[in-house]
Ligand SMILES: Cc1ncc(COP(=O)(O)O)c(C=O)c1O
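Here you get one chain, nothing else, as structure tokens; it is the form predicted on its own.
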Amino acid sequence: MSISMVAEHARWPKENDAIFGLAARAKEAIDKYGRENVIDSTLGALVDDEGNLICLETVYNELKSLPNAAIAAYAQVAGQPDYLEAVQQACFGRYKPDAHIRAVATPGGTGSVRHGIVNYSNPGDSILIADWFWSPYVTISEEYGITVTTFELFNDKNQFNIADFKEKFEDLIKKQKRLVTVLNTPANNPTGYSLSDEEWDEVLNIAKENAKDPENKIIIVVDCAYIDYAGVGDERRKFFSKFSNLPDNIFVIIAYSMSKGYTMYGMRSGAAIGISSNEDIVEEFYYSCMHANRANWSNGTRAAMEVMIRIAKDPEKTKAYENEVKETKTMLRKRAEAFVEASKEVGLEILPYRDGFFVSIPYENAKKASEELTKENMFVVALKKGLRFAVCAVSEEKCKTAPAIIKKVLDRIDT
């Protein structure tokens, strides 16, 4: 008879991470057959055409030039003050909302998503997310006795499904009187979809209508982890200005990450940025998040914060950094355009793509499709509703050929 020592609330299925497991199999195939004969579309990180992780020179030159003490020292629990200023500039650019704003450093965007979900939901509440989602939203929620409700991201015309969002939103707010909704935009993981400015207006109109009941508390968490690789220039940041002058009972939390824009995936640095028309509400947010920081991970990575601070304070370094991001962003967009165009040519159905690291293929039997694709030396992540292809990790040339291989395999399964 087996014995369990783990407390009931912390007992979970014995499951390894499926994405990292598939990535390990892709590496084995590369070692066996050669990189040129394998398409590894598993991990969400920028990779060059030779399969090497892209690490921005401006970022890592700065990191390596830091004095030892700046790397080794503890950061303040809420984050270094200069970092908390710099991260707002990095996030908002020219579109900082006209509102009271406070930031707290977190380990990547994950930490800020955690604060948004856990600090603003009661145990037993349900949060609202799209049905194409990043799986840790569920992991974070279930850790704290919070459930997840999904709305359909796309309607039958493959447009943002504002009607289903409204229905699910109003059902939950009516029952709970408080609601956290997480919107992963721009450059949604896994679809590559970004809400347009007009779609943001529709979302905020629903929030404002429901905010007329003063008992309702509405929290919108914007997971913008991929924002630095979305749109042309800073067009995908315009929506931030829409968070100006909102009713007091609508609170916005931006989950910002240094992982993508600064290619500092493993350095674990980001920020939760609170936006409100009411100063007391952002002060409450700041101290709530600072307490949660101390309780969960104590403080963030000082070296990553120092890198952002030093780049932000030096106009020449800022320009060099921005040029590097622009160059990498152009490469990513060319890959995505190649995949989208090739999908049209071979008749492969994909979800609407606007920006970012991933393209998704809707398919009911995704696990089987993923497994069958490995026989073609193609490694694509299976999700509940389809396949996620990481254009960020695949050369433009392979992005042109991949859709035909996927279509062939799906057709084979269907016959």
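As the structure is a prediction and not an experimental result, all values here were calculated from the model. Numbers for residues come from their place in the sequence shown, where the first is 1.
Same protein, other form: the form predicted in complex with this ligand, not shown, and the subject of what follows.
Going by a heavy atom distance of 4.5 Å, is residue 268 a contact of this ligand in the predicted complex?
Close contact exists here: in the predicted complex, residue 268 approaches this ligand to within 4.5 Å, heavy atoms only.
Contact flag, residue 288 vs this ligand in the predicted complex, heavy atom cut 4.5 Å:
Residue-level check for residue 288: no, no contact with this ligand.
Do residue 260 and this ligand come within 4.5 Å of each other in the predicted complex, heavy atoms counted?
Judged by the heavy-atom cut-off of 4.5 Å, residue 260 is in contact with this ligand in the predicted complex.
Indicate whether residue 79 is a 4.5 Å heavy atom neighbour of this ligand in the predicted complex.
Answer no; every heavy atom of residue 79 is more than 4.5 Å from this ligand in the predicted complex.
Are all three of 109, 137 and 189 close to this ligand in the predicted complex, meaning a heavy atom of each within 4.5 Å?
Result yes, every residue of the spot touches this ligand.
254, 179, 304, 225 - the one with a heavy atom within 4.5 Å of this ligand in the predicted complex
Exactly one residue meets the criterion: 225.
Please name which of the stretches 191-199, 310-318, 260-268, 227-235 has residues with heavy atoms lying within 4.5 Å of this ligand in the predicted complex.
Looking at the other structure, the answer is 260-268.
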